[in-house]
Ligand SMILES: Cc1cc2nc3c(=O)[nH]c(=O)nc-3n(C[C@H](O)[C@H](O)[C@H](O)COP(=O)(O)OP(=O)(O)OC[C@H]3O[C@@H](n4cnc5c(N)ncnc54)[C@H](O)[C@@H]3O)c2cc1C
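A single chain, nothing else alongside it, follows as structure tokens in the form predicted alone.
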Amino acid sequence: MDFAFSEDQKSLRTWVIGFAQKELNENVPQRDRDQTFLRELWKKCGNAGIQGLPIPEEYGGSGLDPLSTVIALEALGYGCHDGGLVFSIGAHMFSCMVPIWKFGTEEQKRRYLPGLCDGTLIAVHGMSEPGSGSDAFAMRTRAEPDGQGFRLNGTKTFASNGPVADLALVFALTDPDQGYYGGVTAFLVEKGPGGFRVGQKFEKMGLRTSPMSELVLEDVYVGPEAVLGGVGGGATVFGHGMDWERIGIFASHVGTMERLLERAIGYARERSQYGQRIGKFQAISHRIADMKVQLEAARLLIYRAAWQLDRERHVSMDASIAKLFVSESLIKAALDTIQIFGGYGYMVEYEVERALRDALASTIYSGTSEIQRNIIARWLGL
């Protein structure tokens, strides 16, 4: 494994950071306060090729390898201060677009991927339900056969991008007797008459510019062309998407950690107490040193997992290890930065407290830390 950047990767990282800093950071505190999702920023990212990073060029993407993709997402997390926008892009890319690319028919790929790449369309992932989050076996959404197609009934919750989405990747039971493995099918369902509708919208602690809602399916009919990955293949579709999501979204968090580290260093060099810069106090310098160690470890875990995505058949354990470590390290980095800033870190105008609020959910979405430890334990034969 050689993680030395190629010249193309260096240029990509520099370009993404410059794009994000120039185009995506205007008035972020106010947008966070108002819970504002700006479709114009989404479209800017699409025009710049962000959403289509790993998707083949023939479907409107950039055709980057997984490692280059996470390098770009890390740069986006570093350059863009709007954690909600970055999260929405990651959820759209990895839990929706990648499954269509990997498991879709040629017709499905050509119908949806170009618009999902260029920002014309927004996708939402529908797995979690009011009574089933980590326990996917408790799914209650049903897809009953109806002629050549299916009729869907159920409610999904905590659906990131739900209020603004045009297309939903929905998981439903097609054979309850088979359970999760073999009994769940993935469907592509469009919003609109006869499609999914948006239910309750949620107000969140963090990631407030990433809109979230319920998805409601009431007697929604879909034809056989809506099935993604074959009838009964939903578990495979979901698992593969989660591997990409646990690597891709959390690559952006590595970029956020680097930005927090730089903020902490800068403040420690400028702030004086008791006649000297606070960075000279061991209590501060050691805290910052630990932030650096965790950043570098997080980066290597993400890079290794990404490198394996197109080389190994099974990357779930490495994806879970990376997700677990990065999410818990991100929260610690945000807490440490606030502590170093002291009272100023608690103030909205310094934009550090928002980083903590955005970070806290990282140990919950894409599978909780407890679920990641369960996955790792199972791969270890426990």
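Note that residue numbering begins at 1 and tracks the sequence as displayed. Everything numeric in this text was worked out from a predicted model, so none of it was measured.
Omitted from view is the form predicted in complex with this ligand, to which the following refers.
The partner is absent here; in the predicted complex, the one residue of 233, 133, 114, 163 having a heavy atom within 4.5 Å of this ligand is 133.
The single contact residue among 89, 228, 212, 301, judged by any heavy atom lying within 4.5 Å of this ligand in the predicted complex, is 212.
Put simply, residue 368 is close to this ligand in the predicted complex: some heavy atom of it is within 4.5 Å. Residue contact check for residue 253: none of its heavy atoms lie within 4.5 Å of this ligand in the predicted complex. Taking the partner from the other structure, this ligand in the predicted complex has a heavy atom within 4.5 Å of a heavy atom of residue 158. Within this chain, residue 128 lines the site of this ligand in the predicted complex, having a heavy atom no more than 4.5 Å away. Contact annotation: this ligand lies within 4.5 Å of heavy atoms from the stretch 199 to 207 in the predicted complex, the single such stretch among 260 to 268, 199 to 207, 290 to 298, 141 to 149.
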